[in-house]
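Just the one chain here, the form predicted alone, laid out as C-alpha cells.
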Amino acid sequence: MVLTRMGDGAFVKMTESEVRKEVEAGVEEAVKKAKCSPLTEDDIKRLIEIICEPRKFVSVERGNELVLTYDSQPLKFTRLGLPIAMPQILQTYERGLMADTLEMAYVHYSAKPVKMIFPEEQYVVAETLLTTTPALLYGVMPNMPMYTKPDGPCENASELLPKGLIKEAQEAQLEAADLLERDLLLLGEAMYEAGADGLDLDTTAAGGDAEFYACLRAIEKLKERYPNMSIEVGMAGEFVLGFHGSLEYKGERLAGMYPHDQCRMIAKAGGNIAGPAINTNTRKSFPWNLARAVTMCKYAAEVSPIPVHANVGMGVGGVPMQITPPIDCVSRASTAMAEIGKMDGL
C-alpha cells in the first residue's frame, strides 16, 4: 500500500494501481481543461515512482537541481512571530537556508499601501544589498480589488455584475486597472533606483483579466525605461478569470488563458520569468492534483520563450491546501516539476 494524501492534506492509502488511475485521470483533466499535450507513458511511470517512493522526503537526482525564487520571503519569519528585522531575515535565508535568490516585501504585500512608505522600503532594500550577495527582487501583490470601494475610489465590479450592470462593471475595472498600473510603475521605479535587481509581481490576475492587463502594461513600460530590470510574474491561478471578459493585450483576449498562454503574454510584455500556479482541488487526491499540475506546467515550459518557475506551495502546484504544506508532498511535487515538468526553477 502507498501512503499518500488528499488535496486537503488528509492521509489516504492506495494501491499502486489506484495511484496510476488517479495520475491518468489528472493528466486527462489537464488536457481537457488547458488544451495542452498529455504526459508521455514514460512521464507517467516516473511520476508514479516519485509518488510511491516509501521515503518521506524525495529529491531529484544529482544534476537536476533547480534555482528557487520566492514570494513574500521575509514575511514567512514575520508570521512566526520572530522579532527579526527584514535585512537580517534575508541574511538568514542566504547564509543559513542557502537561498538562491532573495525577495524584499512589505508586510501587507499589496501594491496600493506600499506607495505610502516608499522611502522606508527603499532604505531597507539598500541596507539589505550592503550585506547580501544573491539577486534581490522586491515582491508585491498587484491586488487590484484594493482600488475598489470600500478600500478605494472605484466602484466595485463584484457588486455591479450581479445587478446586470455589465458596462458599468467593465468601466469600473478599467478605472481600477489604470490606478494599479500607475502604482506599479511608481513602485518599480522607486525600488529599482534603490538598487533592487527587479520585481516579483506575485498572485497576478487574482482580480481577473483587468488586473492581468494592468500588470502586462506596467511591465512593458518598466522594461522600456529599465531594460536590465528583471521581472518575475507569479500567477494567481491556472486560468485568468474573465471579470471584464473583453480585454485584449497585443491582439489576444486575456480571459480564460491557461498557463502556456499566460507565459507567452508575460514574455510579450517583457517579463523575464513566468510563474504558473495550478490550483489544488481539495476533494481530489495528491496524485491526481500533481499529475494535473505537472501536465499543464510541462506544456507551458515547452512553449514559453522565457524561464518558467512553477508555483509549488500551499494549494498550488499539486501541493495540498495547508498553511504549512507537508514536506512529503512538497518534495514529491518539486521533484516531479524538475524531472518531468522540466521547469527552469520553482
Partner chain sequence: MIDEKLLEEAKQSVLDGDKELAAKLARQGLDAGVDPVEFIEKGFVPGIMEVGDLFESGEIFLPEVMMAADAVKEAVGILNEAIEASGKKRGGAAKVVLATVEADLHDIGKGIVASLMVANGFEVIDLGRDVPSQKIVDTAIEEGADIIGTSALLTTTMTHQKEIEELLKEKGLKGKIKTMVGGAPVTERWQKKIGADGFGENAADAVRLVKELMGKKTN
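Being a predicted model, the structure only gives us computed values, none of them experimental. Positions refer to the first chain, counted from 1.
Not on display, but discussed next: the form predicted together with its partner chain.
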item: Location of its partner chain contact in the model of the complex, chosen stretch of 81-89, 174-182, 146-154, 213-221 [non-hydrogen atom, 4.5 Å]; value: 146-154
item: In the model of the complex, T295 touching its partner chain (heavy atom, 4.5 Å); value: no
item: Non-hydrogen atom contact V12 with its partner chain in the model of the complex at 4.5 angstroms; value: no
item: Partner proximity in the model of the complex: R253 to its partner chain, non-hydrogen atom cutoff 4.5 Å; value: yes
item: V31: touches its partner chain in the model of the complex, heavy atom cutoff 4.5 angstroms; value: no
item: D8, H244 and Q322 each touching its partner chain in the model of the complex (heavy atom, 4.5 Å); value: yes
item: Residues of 264-285 having any heavy atom within 4.5 Å of its partner chain in the model of the complex, listed in sequence order; value: T280, N281, T282, R283
